[in-house]
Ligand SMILES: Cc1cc2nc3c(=O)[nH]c(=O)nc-3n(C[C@H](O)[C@H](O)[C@H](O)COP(=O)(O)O)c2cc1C
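The form predicted alone is given below as one chain in structure tokens.
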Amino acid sequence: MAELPDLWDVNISDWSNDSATSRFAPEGHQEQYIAFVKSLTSKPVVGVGRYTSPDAMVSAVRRGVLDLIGAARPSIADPFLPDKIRRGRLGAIRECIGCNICVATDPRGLPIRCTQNPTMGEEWRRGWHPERIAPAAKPVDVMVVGAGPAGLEAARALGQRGHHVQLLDARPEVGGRVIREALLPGLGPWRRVVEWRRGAIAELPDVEVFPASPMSAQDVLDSDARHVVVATGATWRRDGRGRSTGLPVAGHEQPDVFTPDDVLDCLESGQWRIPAGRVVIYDDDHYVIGGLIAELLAGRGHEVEVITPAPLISQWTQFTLEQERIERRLRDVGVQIHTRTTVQSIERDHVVVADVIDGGIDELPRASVVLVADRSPRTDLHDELLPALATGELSTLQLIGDADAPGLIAQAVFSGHRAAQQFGEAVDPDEVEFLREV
């Protein structure tokens, strides 16, 4: 059949192999499987593999692996990828991070979303363009407090509109949760969410960035800021309240009970505080963090057991095509998995667990516990500034990102972009804010 088609389009079935996440497959990961095709045919060959960098694309062509590069997810992250390569604007490319949030919306019947590109799926509904944004009718000074994914995107988009923006963050490096979570196994590419926005902001003359600048409500008011956007993020709950229960886990107050924030603090500081021995992880979040912490701890020599009320470990990652890979990885590193199980209480040297189906009780020995549950929004600054909005000391005050509603990084970026798009507009909360096809 080599010469029969006009073009060969080759990839690896099924979808989970063809569109693997960056955590489990590097850029160009399909080459080892499809490189033989050009030796069999003189016809053009196109292939995929989440090629995000022009260098990797050119390399695949020059090495005779492919004639054409298929770029689905990279074109979702940046629909102008080919044009930016053509014009030599390589630094402006908004590279895909390989998180598969775009994939996750497909089987759920939801509008497509992209962590890197908040305008994806909103071109017609809201009139948003990936590159252009309407200039402000009257530029003003805006203070954005918090430089995580929401704050970075809000500052970038507000600056692109022509507003004068001060972006402040308490931490010495901007990026918020993204910088911290990118320290976990395989999540390095997620830093692109921060790196692209940091680069874009650097080219905007009216956006100033001030890291290592914690702000109190009085600090904000003393600055004479009139327009304030609060993007102070969220923290992981210490009491174990998650998706499956509205009650705290008994015994969560003990000093050897940790949260993902504690684990990330250890990674950042280089000072490991998790005691040696068996770690029990209670994952009532069901996305990637519980499995990542289990993999991390197992790699550091801990015995690890993961308990989850869900039928599968990291169950939500079915939608990102990762669940089987995550489970296989955890098994490979010796992690024991208990599904359909809840934690009833944390005792001095063991945890009491219950079977979700029959209510059977068991005890698991432990040296420490990590509770991966809900996250609590940090609203203190916003709440303290609300009276100033009422008295007229502030003209506008917005709460965005995880500080408004903890969720995916993609949702935080979307929230920041929407705040910038709607800044200065009167938005009726009772009206649907996008077009609908009737």
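Bear in mind that the values here come from a model prediction, so they are computed numbers and not experimental data. Heads up: residue numbers just count along the shown sequence, starting at 1.
What comes next is about the form predicted together with this ligand, which does not appear here.
Novice: How about A71: is it within 4.5 Å of this ligand in the model of the complex, going by heavy atoms?
Specialist: A71: contacts this ligand in the model of the complex.
Novice: I'd like to check something about S19: if you look in the model of the complex, is any of its heavy atoms closer than or equal to 4.5 Å to a heavy atom of this ligand?
Specialist: S19: yes, in contact with this ligand in the model of the complex.
Novice: I307 near this ligand in the model of the complex, any heavy atom under 4.5 Å?
Specialist: Although this ligand is absent here, I307 would stay clear of it in the model of the complex, with no heavy atoms inside 4.5 Å.
Novice: With the partner left out of view, is G49 within 4.5 angstroms of this ligand in the model of the complex by any non-hydrogen atom?
Specialist: Within the cut-off, so yes.
Novice: Answer yes or no: in the model of the complex, does this ligand come within 4.5 Å of a heavy atom in every one of A250, Q336 and I346?
Specialist: The answer is no; none of A250, Q336 and I346 reaches this ligand.
Novice: Work out which of the listed stretches, 217-225, 268-276, 74-82, 239-247, brings a heavy atom within 4.5 angstroms of this ligand in the model of the complex.
Specialist: Only one stretch qualifies here: 74-82.
Novice: Please pick, from V174, M143, I281, C102, the one residue with any non-hydrogen atom lying within 4.5 angstroms of this ligand in the model of the complex.
Specialist: Comparing distances to this ligand in the model of the complex, the residue within 4.5 Å is C102.
Novice: Pick from A367, A212, I112, L90: which has a non-hydrogen atom within 4.5 Å of this ligand in the model of the complex?
Specialist: Only one listed residue qualifies here, and that residue is I112.
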